[in-house]
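Below are two forms of the same protein chain, given as structure tokens: structure 1, then structure 2.
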Structure 1
């Protein structure tokens, strides 16, 4: 134990007795107000433990007299946000869906809200940017639409879904599997004709030979020129955009087995205001008509 009674003469202050290389540590007394500040923090801590959730128990913690909880705070924040949005939603519902875009404030609100709805409900299939995916998930950013790209048509699609049997108003069409109807060489020739429609590499003779096959079997839905038919959700075969792929093998497979996608109806999952918002959002991604 060091000698605590040393006093440094230069400052007339006691030292702690600790010494390093001849330098001694002065034992300057702490200011008394500092001690009282310390006691004050202890008192504050006790008061805080009584007022706020503090001591962990078997299930949960002591609730505290003020009844604060972080979950309750989040719920309050959400309720507050909904209360603020309620009049905006009411306004959104009061106008014709096509005219939402005419009011810049409402448009901004719809796009912000619709983006959140899209990321939660649509991006799983259509991608976070709406770019879709090869294999039947349509790209919403381009200018090609199966069932129509106006805000009303998008609203209709989101509300009732596509080939969603639980909804009687769903959009419905079905391409037959031509493997049961046509011979393999007819399907191969048909594929050449389909390739020719969009200007892709093809066998011109085969294509010409099977033009009549196309008119007989396909044009009812895809149109005589192959540009598709919105009422049937029949895609245009004359452009560079393909839902399942535009190479020869994929086209043959599509004709043989037929393919179609299913999109659920969202009218029971989202509020009408949310569907309106997401329709406006999708319309504004670049492909809107």
Structure 2
């Protein structure tokens, strides 16, 4: 087959023989430095695949001759940080948790560490700022506490959780489902009375007619004035702060089917020092007592 290549007069460069719409492709070789750089990257790629983890396998990857692991590097960094913090943690563990606030240096250390623990373990439910959310996630910034807001009480809650059945020392309370106990009209009237306790819009006549329903069925936990009982984890119904919502329909649903929110126990997930830190941190968010 005849060689169709010729020499371009303008550049004095041979063509490849390809031509489109009268435009001929020049056969311009790549610069030598570029070619050697390209070859070097190939050699480096082969060396890297031999030395470092590279090829995916069924349950992992080839380890490489250097045995490097990003997970292992993180574990080493964590171990080094823990070794540095060990004396501070020992000091933190040597004092009563309530007295940590009396030492400014220890308090700063606890809050810094507790913030990291909170963001990794608590913010998913309570929010990054501890503001909580409707649906059973308490606000940790206000001063409305189901089980008490002192540092010791927060420590107890974080350690053993709430209604966490795997922990025998968990905080436990249970609201009955009154849909199995009361008639629908009684529940509707009871909801109006609950609304009246916080000053929300309500049917005054219906609320007054079912005050006794509240006393007979709810006051044992929530108190006759509806202000709740912390020792039993019974929330106040008189302050307008709601875990699941304070509108009429939500209150009716709560009375009918009850609520059973669960917080896990962290004693098997965190060290005691970490629980102390996060208790101090939560207490310092603004709502601690």
Partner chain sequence: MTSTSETPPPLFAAREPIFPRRVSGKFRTLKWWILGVTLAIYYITPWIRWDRGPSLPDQAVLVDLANRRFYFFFIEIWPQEFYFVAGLLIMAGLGLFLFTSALGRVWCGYTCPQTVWTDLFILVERWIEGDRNARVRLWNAPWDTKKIRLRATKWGVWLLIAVATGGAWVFYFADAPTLLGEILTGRAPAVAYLSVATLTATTFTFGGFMREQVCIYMCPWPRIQGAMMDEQTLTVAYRDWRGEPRGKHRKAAGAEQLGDCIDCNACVNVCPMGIDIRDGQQLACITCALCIDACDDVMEKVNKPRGLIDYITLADGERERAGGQDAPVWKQILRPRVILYFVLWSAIGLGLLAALFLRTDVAFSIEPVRNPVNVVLSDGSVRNAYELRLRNMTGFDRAFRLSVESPDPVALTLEGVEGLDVSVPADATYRQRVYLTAPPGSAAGAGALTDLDLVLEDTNTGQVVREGTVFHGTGE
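Numbering follows the first chain given and starts at 1. A quick note: this is a predicted structure, and the numbers were derived from the prediction, not measured. For the two forms, the rigid core is made up of the largest set of C-alpha atoms that agree within 1.5 Å on superposition.
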Pair member which, unlike the other, is the form predicted on its own: 2
Rigid core superposition, residue 229 Cα moves 2 angstroms or more between the two structures: no
Threshold 2 Å Cα movement between the two structures at residue 72, rigid core reference: yes
Rigid core fit then residue 241 CA moved by 2 Å or more between the two structures: no
